[in-house]
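First, one chain by itself in structure tokens, the form predicted on its own.
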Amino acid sequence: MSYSKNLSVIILAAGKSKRMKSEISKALHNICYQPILYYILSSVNKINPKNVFVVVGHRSELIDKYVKSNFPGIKTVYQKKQLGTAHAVLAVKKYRKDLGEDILVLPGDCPLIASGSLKKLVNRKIKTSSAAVVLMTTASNPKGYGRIIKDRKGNVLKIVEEADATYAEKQMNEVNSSMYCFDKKILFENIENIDSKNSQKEYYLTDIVEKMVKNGNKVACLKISNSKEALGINDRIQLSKVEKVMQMTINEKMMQDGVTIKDPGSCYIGGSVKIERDSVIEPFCFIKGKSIIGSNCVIGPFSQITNTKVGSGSKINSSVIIDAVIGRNNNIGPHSYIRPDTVTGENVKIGAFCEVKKSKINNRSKVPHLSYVGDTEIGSSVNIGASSVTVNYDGYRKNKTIIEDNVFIGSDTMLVAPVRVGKGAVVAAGSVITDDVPSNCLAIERGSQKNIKDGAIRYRKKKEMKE
């Protein structure tokens, strides 16, 4: 059934996050490296509505900035005073002419809701010709939720909030998810008639259900198939619990698609990460942002990868990689730090305890261990000896080092930029290179070595006398 041209979505994200005890809007708190709002908007976009409005209030400038940067087609609407959920929906009334005939209203703190459930909710509203459909679930411990009160035919009579429920109503376990699909005309005919005679002195969107029923309108309900999708977030404890659910949801989807995750409970993978088949994710890995991991990779324990593309067949061992492009069949780590704007070719090795920053390393080159490479272009089949450094900063600006193909750099070498080492050159261990090295030259820069006879004996005696 096609309904996208007649469907609008309103997301309520104006709350003050009182129980979160935070200066940040609740909708911008992260789970699995993305704001709560990211997951809601991603699910909404999958059903392709006519338009989407996010109602903002507390720290509205932060949500507005996030939405504009990440979901530019979505409009934010400011709610000057936070007087309840019905009052928040009323803030969108000025866009009534732009709204579809069906309006999906969602809270800004339910990141687990799936697009499939939203489709079912809208379809139920259309098929039953109801004024509204409430998405509900059953809860073994319904404390804190609004209770669904139904007639014998299963139609909704009203929704009672926890604080206003009688003892008998509190025993009911059919609860409101705070997700609805409304008929636009009937919604706005009733919403301004809601009062605030309740324990919170707020205008509840739930009260509109009873108004509709009293006016002779039908209100239906839809039980969500996976009750976890209805989980909301009110405090940091619930934030942690929902993140655990999201963590397993993401990881299980990865495993279903052909990725091996050795210990799903210890690995955190962001919702926008892509991992291809036959890759293995070892325990305690953290993969974030828009990272893409190719096929047949091994991401070793305690690796942190952010906004990075890793080519097929590469092995990353206990390393941190940020905003980089790693080629095919690379071997990185353990304990290396690959910083932004680093690009590697195929069959590159970056060994233990190395740092690489804003550099390009071409095919078959090696930086085996304990080296720093910054602002550098390394050609093909280059070997950088242990403890070597490209000295890129002169105290005023960053300077570039160029190392051409088939160069051998001996251990403990300092290449003081700007400097170029030509093709096939060899730089002797322990050298400090300040001038260009022509192709196929041997460069050596050392002070003369002196061996003083019995000098070690005299040295030790001198030290012993001082003690």
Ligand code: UD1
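Bear in mind the structure is a predicted one, so any value in this text is a computation, not a measurement. Each residue number is its position in the shown sequence, starting from 1.
What comes next is about the form predicted in complex with this ligand, which is not displayed.
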- Message: Check E229 for me: does it contact this ligand in the model of the complex (non-hydrogen atoms, 4.5 angstroms)?
- Response: no
- Message: Under a 4.5 Å heavy atom criterion, is L83 part of the interface with this ligand in the model of the complex?
- Response: yes
- Are any of the heavy atoms in V9 no more than 4.5 Å from a heavy atom of this ligand in the model of the complex? no
- Item | Interface membership of Y145, this ligand in the model of the complex, 4.5 Å heavy atom rule | yes
- Report yes if all three of I24, H29 and P111 come within 4.5 Å of this ligand in the model of the complex by some heavy atom, otherwise no. no
- Task: Scan N251, S359, N392, S178 and let me know which has any heavy atom within 4.5 Å of this ligand in the model of the complex.
- Result: S178
- Item | Candidate from I338, A88, V348, I103 lying within 4.5 Å of this ligand in the model of the complex - any heavy atom | A88
- Query: For the chain shown here without its partner, which stretch in 323-331, 392-400, 202-210, 189-197 has non-hydrogen atoms within 4.5 angstroms of this ligand in the model of the complex?
  - Reply: 202-210
